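Taking the form predicted on its own, here's one chain by itself in structure tokens.
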Amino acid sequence: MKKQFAVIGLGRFGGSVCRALIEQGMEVMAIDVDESRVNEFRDIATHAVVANTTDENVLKNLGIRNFDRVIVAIGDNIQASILTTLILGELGVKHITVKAQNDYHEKVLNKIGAEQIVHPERDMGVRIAHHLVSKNVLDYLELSDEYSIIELIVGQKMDGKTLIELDIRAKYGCSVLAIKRGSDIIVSPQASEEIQRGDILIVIGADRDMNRFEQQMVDE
């Protein structure tokens, strides 16, 4: 059964989320106060609606509580974002994802019931910074304030060594979750697995440990 999503706010972030969900075959209601933005999604989304989501009756009439997840992607009006999130919680929507503009906005959203808060601009900035600092780091995903997952390319320093020889967990406190080798993915690799130059390691750990691992084991 297809999951049903409602995306409120069809700017760059909300529009991207909406399109990605549709491409994955989900049912999506696209909502915005701007009719021109809504018109862009009339032939794409399952439903596209011009609506003011700071009005509780409007959200009730849209049947918003029946959706599996609601994404509040209002980017240019913090007050509207907060009020919409508050009303969604009061209407019994359990799964609410909200785009935060800043740390203050996030604090308020946490207090009023947002289940998941995202900072797309900040997160992308961090990912780009990691890529710029090390050409071997392909991707970076922040799990919390202290833990992350990175994808990095194996270079000369690790080429031909087994995981037990590298002893990454004992030396750096990080764990290798998987190895990408061409089109193959080795999940939970054995300690005897010999890694090769060009492999992509998917590693999880505390940020301070990951930084140490990158500095000492990743090629310049």
Ligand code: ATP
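Because the structure is a prediction, the values reported are computed rather than measured. Numbering starts at 1 and follows the sequence shown.
From this point on, the text means the form predicted in complex with the ligand, which you will not see here.
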{"item": "Listed range touching the ligand, judged in the predicted complex by heavy atoms within 4.5 Å, from 76-84, 143-151, 103-111, 89-97", "value": "76-84"}
{"item": "Non-hydrogen atom contact Val33 with the ligand in the predicted complex at 4.5 angstroms", "value": "yes"}
{"item": "is_contact(Arg208, the ligand) in the predicted complex, heavy atom dist at most 4.5 Å", "value": "no"}
{"item": "Exercise: Arg37 in contact with the ligand in the predicted complex, heavy atom 4.5 Å", "value": "yes"}
{"item": "Proximity of Ala6 to the ligand in the predicted complex, heavy atoms at 4.5 Å", "value": "no"}
{"item": "Partner-contacting position among Gln156, Asn52, Thr162, Ser175 - heavy atom within 4.5 Å of the ligand in the predicted complex", "value": "Asn52"}
{"item": "Residues within stretch 4-20 having a non-hydrogen atom within 4.5 Å of the ligand in the predicted complex", "value": "Ile8, Gly9, Leu10, Gly11, Arg12, Phe13, Gly14"}
